[in-house]
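Next up: a single chain in structure tokens, the form predicted alone.
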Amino acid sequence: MNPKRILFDTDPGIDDALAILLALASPEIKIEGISVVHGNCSVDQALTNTLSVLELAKAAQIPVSRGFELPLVQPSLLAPETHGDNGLGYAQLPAPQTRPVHQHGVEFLIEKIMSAPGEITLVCIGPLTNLAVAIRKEPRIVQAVRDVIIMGGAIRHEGNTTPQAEFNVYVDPHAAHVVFHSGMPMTLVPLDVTYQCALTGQDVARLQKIKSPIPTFIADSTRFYMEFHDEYQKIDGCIINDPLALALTFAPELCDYEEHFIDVDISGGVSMGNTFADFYKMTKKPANMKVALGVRARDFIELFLERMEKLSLSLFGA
């Protein structure tokens, strides 16, 4: 069976980097390319991080494209307190030797999707600026994309950036609004499920039994992430949001889904960026996406650990 073809749109970011590693460790999928966007760190830092992570995993052949450095309307918001000044916590990767493609991230997404109608699954694990502009520039991608999986939002869960809003949506809520109302086939992976998926210190210690640069990178990056979660949210371990979204491309059974009309508040004020579901069909609007609202969290963490162990051994031996 041919692997599923995916495109990433991402802002690495610690858990974004882990999602890329999980994709490279998963034979069910093939990364066709990566577009990079502002978010956890500046777009230039995120671009460097993406290239360095690919080189770490001996996958420098994957094309990477630089996208937008600013949200559509809102002022820029980065997350050094969550991901560190360089976006990867305490991890220090060598400067990448490879270079991004010359195409802008928006053109890159459009070309990749339109060149293979019905075949590309887009995994969006950062703010949705690149995708929103791509939809406006080439509306045909709405029908041409196979599926879009979006890590974002908080439906019944509290926000992690404001009391009501999740980071990816809050950073560019207007872009999220464009995407949510585009008609694309979408699955939303909100904090409701991702915040049940904590990678613990014991999990990282298990990986470190393998002497390889990949467990070292995971340990160094997540140590910063764990310190953030402990200090600000009193969580033991760290929440690996983005790898769960990626895992649903090949293991959708990890989550339980409902179909709802989902919207995002762009009216301003305290609810800016709030994502909400019309559970009782009050608006009479048809469902515009599937949303993951239940998760087998430990099954996912076990899958992640096993695949990181296999990737480490396959690339670097025992």
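Residue positions are given as counts along the sequence shown, with the first one as 1. Computed from a predicted structure; not experimentally measured.
The next section is about a form of this same protein that is not shown, the form predicted together with a small molecule.
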Review point. Going by a heavy atom distance of 4.5 Å, is Thr187 a contact of the small molecule in the model of the complex?
Key: no
Check your understanding: Does Leu191 reach the small molecule in the model of the complex if we count a contact as any heavy atom within 4.5 Å?
Key -> yes
Point to revise | Contact flag, Ala247 vs the small molecule in the model of the complex, heavy atom cut 4.5 Å | key: no
Review point. Counting only non-hydrogen atoms and a 4.5 angstroms cut-off, does Thr222 reach the small molecule in the model of the complex?
Key: no
Revision key, fill the gap. As a check of understanding, the residue in Ser35, Thr275, Asn40, Thr50 with any heavy atom within 4.5 Å of the small molecule in the model of the complex should be identified as Asn40
Study note, to complete from the structure: Only hit among Phe167, Phe217, Phe108, Phe180 for heavy atom within 4.5 Å of the small molecule in the model of the complex is Phe167
Study note, to complete from the structure: In contact with the small molecule in the model of the complex (heavy atoms, 4.5 Å), from 93 to 101, 138 to 146, 109 to 117, 236 to 244, is stretch 236 to 244
